[in-house]
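In the structure tokens that follow, a single protein chain appears in two forms: structure 1, then structure 2.
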Structure 1
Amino acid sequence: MALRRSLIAAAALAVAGAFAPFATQAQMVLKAVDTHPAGYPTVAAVEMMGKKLETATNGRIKLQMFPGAVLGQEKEAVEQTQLGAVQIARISLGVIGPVVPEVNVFNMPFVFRDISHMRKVIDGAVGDELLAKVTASPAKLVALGWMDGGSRSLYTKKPVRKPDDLKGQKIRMMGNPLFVDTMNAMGGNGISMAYGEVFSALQTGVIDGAENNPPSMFTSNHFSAGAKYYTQTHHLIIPEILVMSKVTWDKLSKEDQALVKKLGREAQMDQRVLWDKSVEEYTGKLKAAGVEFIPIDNKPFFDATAPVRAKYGAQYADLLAKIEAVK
């Protein structure tokens, strides 16, 4: 009898072992990456997406976040996502532009009237059209949604209220000819420089200012290097994008694909709420540190950058018309 019970137990274990791989296969852990640090709005929004995904699938699909570029900078993040080694990534449009040139339309100065206009564009038909182009491209990425990257304004050592005030001022810009041309058109002298060099360049007078959003200005400590005036030009409002590896996407059922797509859209909205709170918080901190926020009439800067939009935007004429038509 004891022998018979042992044989039955052994058989049961063998059967359980036979089915174990299938049980394991049913589990999926999605690795998500972001170059922003833990707690940053994009990171927190994707983590919220992961919790919703785990709840909706009863733990069958989970998400593990790797913030702060621990798995590499954006170039590496995209490459790993394309290979399927990473499943989800929040990336800037700069790394997508070479494959899907149409997204570069968002890089142009004053392409959006304001942040509200930008959000209406990415939430609507134009945003959906560009997400579809990314997904249909050879990039091996599935576009899940947009992320708010904030608006970029000037911060300088001297107050700026009109283009003439920028004359002779050296302003750090991101390393793209379009952005350098934008600053030159706005009246300043655009200087291409790595972000990590800005603090010392401000301190030593190599540059007279830079441009970014309030959270970045505060966390990089640029206000303590002499940049005490924040002129609200909002000259660049560039959204970011949330993508999934097509390798992983193709392994999902139609139902899981629809769920991930739905939660990607929700992450877009969740991140926006977190971003607005972040801007409010860091604007308050900058003001407390003595930074003067200068509201201005943007029209002179908009008019001055018309040649830049004409030079870089000719190939996106249809898209520009659609963006302008969004009310």
Structure 2
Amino acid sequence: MALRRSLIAAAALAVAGAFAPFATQAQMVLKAVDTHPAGYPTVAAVEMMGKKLETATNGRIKLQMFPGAVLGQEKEAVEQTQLGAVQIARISLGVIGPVVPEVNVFNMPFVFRDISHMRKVIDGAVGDELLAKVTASPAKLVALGWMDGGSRSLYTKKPVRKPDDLKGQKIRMMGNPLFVDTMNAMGGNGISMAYGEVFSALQTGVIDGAENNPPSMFTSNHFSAGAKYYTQTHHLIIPEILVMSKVTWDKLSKEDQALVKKLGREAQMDQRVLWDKSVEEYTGKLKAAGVEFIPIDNKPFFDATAPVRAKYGAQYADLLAKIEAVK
């Protein structure tokens, strides 16, 4: 009996011994998702972050990118990240709004004066405050940094110059009631729909248009599904966000957490450089493909959306004052 017990103990020790070196060198592969295809600025910036992470940890932590929504649309990406099935997701802040309502302050129409105002805000104290709100919320997401999504304008099958032209037009918006309200206020009928469904919805006439930035409009091919007019409304300037699953975050050492956070901030700056180039490149490609860019005075759209800012903005009076104060 005594012999048997000591044999078991020896076996247990051997197992522990065998696993000890394995445990210290354990490799971690972080699955990262993005709705955009390979080569898109957000995808490229997160891949760069992955390479830096791998180098800094001598290969202990790696990142594997799943671009092109292969693991699901953004709503699913958020859910999978919350569960820990996906470790890192780059998503629009638009779809975080329903999960962490405080971020909707950035999702309001015409909340930023222009792109450079948005960048100053996300790079500064207000940006940090919102990232901290996401992390502190019960959503099980850790916010690592921001990315640039430029400004969103309207694209339709019939030309639009003023709110009245949108009458009766069904326009796809991202899944967040705030955006449906925004489109309704702008004069159209906002239809909430996943990004991946927009192409066929345009083709079959389920919708008459959508809204996005030039790189998304081009890479999603929406222009070839009949949306030939791009009206420069610039009604939404929504930052993108990079999040990590809290389940994964909690498994990292303090040092690794600090490294991931630092590289998240670097990715924010790396993506911006790629973004500026891509806006120029894809604007050119859209024009070459026959898309007509319609420059307009967007004040009527700004005025029309005042009730949306009043409805959603009341609860963020403090934050709105801070955003406004950023010069």
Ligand code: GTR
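The structure displayed is predicted, hence computed values, not measured ones. Residue numbering: sequential along structure 1, first residue numbered 1. C-alpha atoms forming the largest set that superposes within 1.5 Å between two forms make up the rigid core.
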- prompt: So which is the form predicted in complex with the named molecule here, 1 or 2?
  reply: 2
message: Aligning on the core only, does the CA of Q87 end up 2 angstroms or more away between the two structures?
response: no
message: If I superpose the two forms on their rigid core, does the C-alpha of K287 end up displaced by 2 Å or more between the two structures?
response: yes
Exceeds or equals 2 Å, Cα of D123 between the two structures, core fit: no
task: On a rigid core superposition, how far has the CA of S192 moved between the two structures, in Å, if you could check?
output: 6.9
field: Per-residue CA shift, P159 (Å; core superposed between the two structures)
entry: 8.1
